[in-house]
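What follows is a single chain, given as structure tokens, in the form predicted alone.
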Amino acid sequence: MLLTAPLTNLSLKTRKYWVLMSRGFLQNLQYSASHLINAVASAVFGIIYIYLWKSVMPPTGFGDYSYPTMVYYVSFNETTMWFTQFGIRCHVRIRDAVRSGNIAQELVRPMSFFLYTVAYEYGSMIYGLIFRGIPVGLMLSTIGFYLPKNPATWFWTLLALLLGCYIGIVDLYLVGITAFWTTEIRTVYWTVAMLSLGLGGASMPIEVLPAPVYGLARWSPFACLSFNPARIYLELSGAELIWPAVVWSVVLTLFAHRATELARRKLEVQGG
């Protein structure tokens, strides 16, 4: 009895986050037709990137990347960006809740507002991977798609993607929280979005960046979104690339909790 009670409480606490994930997933089902159009557009961009690289790459390639490797790199990222970057909407929901005043009700829920947001968004991103990302991968596989030879690579890639998705969500959660202090979050959003795409290696390996920028991108949280998972999946790097994502997940979580506390305090001081 003494052992089952804590397990039961843990089960109940975990279940509510699974419910939120399922709601985030199901919420997107009503937009399946438009999401299929997004997938086709993403595949078209992937084809453009592939043939662009074909025209500019030297015959011998560069570094670890030959032309076939670049095809695999682009195909993988165009598929997985629907899980780690594209489609995250938590910043918009937070902004709208602040503007409408509904944020007061959001913050009084008997659960962490931060974890509530992350769980809901994870469900949405799982939907994005299944109904947007995988169709893109199937379309691009007609040009080329890599399958890892080492079974362990699949595990490390999945872990890297889960952490990358978490970092992407927390990044935009922090963008949304700025709505407590600013009248518009678009500038912050576009800054973070451009850094995510540029320093994250979404359409190109970050090794092509100038050396100082590469050094910054290599150790930034943005590399954990696309570049690191792609390197692991293509078996160009190993499980060591998991550690930057773990460290950044912890750091960004601390920032998010602190920002939420400050936002709650601001709301209470203003009488919200």
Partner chain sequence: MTRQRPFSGEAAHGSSSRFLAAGRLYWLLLSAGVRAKMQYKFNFISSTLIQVAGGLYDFSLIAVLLWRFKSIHGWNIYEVGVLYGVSRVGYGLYRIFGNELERFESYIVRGDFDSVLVRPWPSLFMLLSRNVELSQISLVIEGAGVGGVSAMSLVRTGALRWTDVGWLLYASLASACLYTAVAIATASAAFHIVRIEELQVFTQNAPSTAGLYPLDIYPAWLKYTLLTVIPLGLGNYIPVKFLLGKGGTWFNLAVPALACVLSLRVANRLWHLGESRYHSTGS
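Positions refer to the first chain, counted from 1. A quick note: this is a predicted structure, and the numbers were derived from the prediction, not measured.
One more form of this protein, predicted in complex with the partner chain, exists but is not displayed; see below.
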property	result
Proximity to the partner chain in the predicted bound form, single hit among L107, L162, V92, M194 (heavy atom within 4.5 Å)	M194
Among the candidates L236, I48, V246, L216, the residue which, in the predicted bound form, approaches the partner chain to within 4.5 Å (heavy atoms)	I48
Options 167-175, 154-162, 112-120, 182-190; stretch whose heavy atom lies within 4.5 Å of the partner chain in the predicted bound form	182-190
Non-hydrogen atom contact P148 with the partner chain in the predicted bound form at 4.5 angstroms	no
Partner contact for S220 in the predicted bound form: the partner chain, 4.5 angstroms, heavy atom	no
Touches the partner chain in the predicted bound form: T69 (any heavy atom, 4.5 Å)	no
4.5 Å heavy atom contact, G144 and the partner chain in the predicted bound form	no
Heavy atom contacts to the partner chain in the predicted bound form at 4.5 Å, residues of 197-221 in sequence order	L197, G198, S203, M204, E207, V208, L209, P210
